[in-house]
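So this one's two forms of a single chain, laid out as structure tokens and tagged structure 1 and structure 2.
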Structure 1
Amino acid sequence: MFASALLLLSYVLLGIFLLAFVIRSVRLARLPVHLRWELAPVPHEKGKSHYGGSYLEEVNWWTRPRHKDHAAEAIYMLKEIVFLKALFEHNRKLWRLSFPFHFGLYLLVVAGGLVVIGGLASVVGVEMAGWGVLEGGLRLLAGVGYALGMLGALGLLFVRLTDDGMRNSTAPVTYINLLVLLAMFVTGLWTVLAVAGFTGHVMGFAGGLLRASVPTDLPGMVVAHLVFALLFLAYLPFTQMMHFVAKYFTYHKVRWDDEPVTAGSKLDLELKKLLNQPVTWAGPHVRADGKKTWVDIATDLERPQEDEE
């Protein structure tokens, strides 16, 4: 009975995660075109990014082929994602806590990949004995990941509670996010250190999910941690932690979007459609009435007359 309940709960939480994650990711991808402006440097500007130049420097640039440096773009993203480069440069104090927090999560993602591999192997009947990378590597990655994540989460909670600037700008939901993660880190680290056969238990659980029959001999601490981990996954798509998906669009579709607008192109048609939307902004300086479009407002030569004293 208990195993069946755990199996059902796991499927429900994983289903919520997958469905919500896909829906929110699609919504992010389908957001309207951002306010287009030149933000330099753009890493994919081949031969020019190091000094902030762009293809607009070229004479008759619209007639010349564009050459993008995708390797430089990938290196920039790697530094930002793995090492939090921008945070390191602009807020070193917060980086010292945020880096171990994020790096711990990255290690847990890799550990999760090993769990999936182990679960698949057990389903197809592959013997796991002797797979040192999976057995020893999983315990090491998970232990270090949980420890780093726990230290980072505790530090971030402390800073946000004690620093006036951080406390005044932190939404209550941020504390909830950190507490949910902290519960997962603490129970995970406790499980790694206290439960013999940690690797076998979690891989057995993964294989059980694939076979629709989870093991009945899982230790209580393993079950508690697995429930916390699954709750975290189900909760994640509804929070600001989806920024790891939004970051792709922030860089590629906002900061680095320097595609030229050519007549009749997809981008041209999309921009025209947006410019012809009615404006309902309440600010008197906009002079919107719910009927005028952005084009009407931008091309309206009339100006409101100032009251004479």
Structure 2
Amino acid sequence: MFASALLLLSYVLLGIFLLAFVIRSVRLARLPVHLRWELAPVPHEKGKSHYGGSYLEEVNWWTRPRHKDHAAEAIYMLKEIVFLKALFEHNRKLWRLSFPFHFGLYLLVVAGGLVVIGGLASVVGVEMAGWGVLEGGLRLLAGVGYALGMLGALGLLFVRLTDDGMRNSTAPVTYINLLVLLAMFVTGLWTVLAVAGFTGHVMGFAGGLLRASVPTDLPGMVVAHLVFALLFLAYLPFTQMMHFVAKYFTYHKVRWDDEPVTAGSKLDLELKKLLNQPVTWAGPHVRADGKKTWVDIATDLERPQEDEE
């Protein structure tokens, strides 16, 4: 009965996470294409990005082939994701707290991924070679992840409470999010240290989710921590912590979107649709009536007509 309830609860929470995650990500992706608002340096500018230059530095730039360095863009983003490059360069004091916090989370994500792979292996009946080493490694990975996360979260809470600027722009919900994460890190670390065979239990739980039958002998501490972690996962897509998805758009779709319009391109077609939408702004100079489109408004100059020649 308890195992069934745990299974059902886990499915519901994972379902909420997946659904909300997809909806929120798609919502950002489906926002209309915007006017260009790029910001140097743009890393895909081959041979120029190191000083912030762009293709607009070339005479007759529209006649020249564009050489985009996608690898440089990926490397930039990798440095940003893994090492929090921007914070390191521009706000070192905060980076000292934020980096362990995020790196701890990354270690936990990696550990979680390995747990799922282990669970999957047990479902399909693959014998795990060197299980002892893997278990020890996973336990270490999770332990370090929880510890770093805990230290980072404590530090971030402290700095948000003591720094005037940060305190003023921190909403109550941000403190709640940090406290929830802190609780997850603390309970996780405690469980890792207190429960013998922690990794095996968690992997058993992951395998149980995949075969719709969770083990009945999970220790109470492990169950409590897993439920807490799943609750957090279900809550995450409704929070600002989705910034790891938003960053793709702020960087790739805004800062680095320097694509000029070319005839017949997908961008060209999309813009034509947007320009033909009606406008309802009420400012007197706009002269909108709810029927006139963006193009109508933009070409409505209301200037004295020139004499016909």
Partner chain sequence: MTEGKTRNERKITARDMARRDLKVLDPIGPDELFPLPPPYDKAEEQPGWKELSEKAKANAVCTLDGIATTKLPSPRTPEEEKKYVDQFLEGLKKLLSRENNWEFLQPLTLSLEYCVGCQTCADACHVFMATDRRKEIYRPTYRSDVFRKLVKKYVKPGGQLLAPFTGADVELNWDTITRLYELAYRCHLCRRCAQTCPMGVDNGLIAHEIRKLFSQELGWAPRELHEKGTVLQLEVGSSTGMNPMVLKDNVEFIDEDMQDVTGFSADSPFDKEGAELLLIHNAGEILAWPENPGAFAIILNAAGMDWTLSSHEVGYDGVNYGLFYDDVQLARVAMTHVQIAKKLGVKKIVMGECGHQHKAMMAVADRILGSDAIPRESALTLLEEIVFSGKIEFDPSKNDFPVTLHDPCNIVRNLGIVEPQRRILRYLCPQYREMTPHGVHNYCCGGGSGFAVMSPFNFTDWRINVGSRVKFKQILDAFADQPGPEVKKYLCAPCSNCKGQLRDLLQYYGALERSGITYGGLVELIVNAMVDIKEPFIHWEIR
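Numbering for residues begins at 1 and runs along the sequence of structure 1. Take the two forms, find the largest set of C-alpha atoms that superpose within 1.5 Å, and that set is the rigid core. No experiment lies behind these values; they were computed from the predicted model shown.
**Q** Of these two forms of the chain, identify the one that is the form predicted on its own.
**A** Form predicted on its own: structure 1.
**Q** Superposing on the rigid core, do we see a C-alpha displacement of 2 Å or more at Ala288 between structures 1 and 2?
**A** Passes the 2 Å threshold, so yes.
**Q** Could the core-superposed CA displacement of Gly264 between structures 1 and 2 be given in angstrom, to one decimal?
**A** Taking the core as reference, the C-alpha of Gly264 is shifted 4.3 Å.
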